[in-house]
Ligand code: GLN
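Starting off, we have a lone chain in the form predicted on its own, written out as structure tokens.
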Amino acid sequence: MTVAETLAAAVAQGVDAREARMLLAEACGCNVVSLIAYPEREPDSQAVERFCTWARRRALGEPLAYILGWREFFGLRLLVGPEVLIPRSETELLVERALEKLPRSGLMLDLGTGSGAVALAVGAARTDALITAVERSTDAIVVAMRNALCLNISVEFHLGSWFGTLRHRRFDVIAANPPYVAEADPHLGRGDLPHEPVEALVSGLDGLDALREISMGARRHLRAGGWLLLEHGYNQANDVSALLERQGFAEISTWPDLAGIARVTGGRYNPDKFTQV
């Protein structure tokens, strides 16, 4: 079978054409451009067999990133698997805000690091900074540490829940993409979400449990003038802003992602204001 025929067979099974090209390129050990340029080429039988297995898995709904074993994020190729949430492009906004707020030779904390996406993206862009990442899942932190090793990026990893292992340490920026989906949210049954770890997605009846806990604990772990930056759901910006306001944060702002959806909310630690809450 030629490249064109192999791809057509996968599309007939219900696989998206763009994703089929990505899978075949990975199976053949080449890039997508070469597939498009030479549709008459005949891949070797092992590559075709591998591709057909992957195409069947994709047709059954398994996430493309889990099949490939990687996902690109902020220019980095990250290893991923069912142990971790798949890094998404909207989370790049959290990285951008962290880079904007992080001072020279600053200290940043990434809470709930998962695959290490946020911590590693900041660490790659800011080699002067000291990055710490916390993750409560043993399986997930192994993935994050493998990514750090493969990418040769220095990150200090801690296994634990939120601030539990950090004692009295303070940071210039605390960034978090925590679970923020409500337990009964219908989106949990759509797209890739049914295949992803539920503990990385769901956070109580209203989806705000983790966001509450982080906003309450951040005061003990931020330097004066430091920033807490939180990714949240499409309809949670007002709730998260209110959480930060109740905790005494100043300069509270919300930033939209590329789709125009309010995605990240942050505030600045004001010690004088904190003494009043």
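Each residue number is its position in the shown sequence, starting from 1. Keep in mind that this is a model prediction, so the values were computed, not measured.
The form predicted in complex with glutamine (GLN) exists for this protein as well; it is not shown, and the discussion that follows is about that form.
The three residues R21, E26 and A59 each lack any heavy atom within 4.5 Å of glutamine (GLN) in the predicted complex.
Checked against glutamine (GLN) in the predicted complex, the residues R77, R146, R170, R88 give one hit for a heavy atom within 4.5 Å, which is R88. The contact residue chosen from A200, L107, A125, L151 relative to glutamine (GLN) in the predicted complex is A200, the criterion being a non-hydrogen atom within 4.5 angstroms. Within 4.5 Å of any heavy atom of glutamine (GLN) in the predicted complex lies no heavy atom of L93.
None of the heavy atoms of G81 is located within 4.5 Å of glutamine (GLN) in the predicted complex.
Residue contact check for H187: one or more of its heavy atoms lie within 4.5 Å of glutamine (GLN) in the predicted complex. Of the heavy atoms in L166, none are within 4.5 Å of glutamine (GLN) in the predicted complex. With the partner left out here, glutamine (GLN) still marks one of 155-163, 130-138, 177-185, 114-122 in the predicted complex; by a 4.5 Å heavy atom cut-off that stretch is 177-185. In the predicted complex, E231 is the single residue of 223-247 with at least one heavy atom within 4.5 Å of glutamine (GLN).
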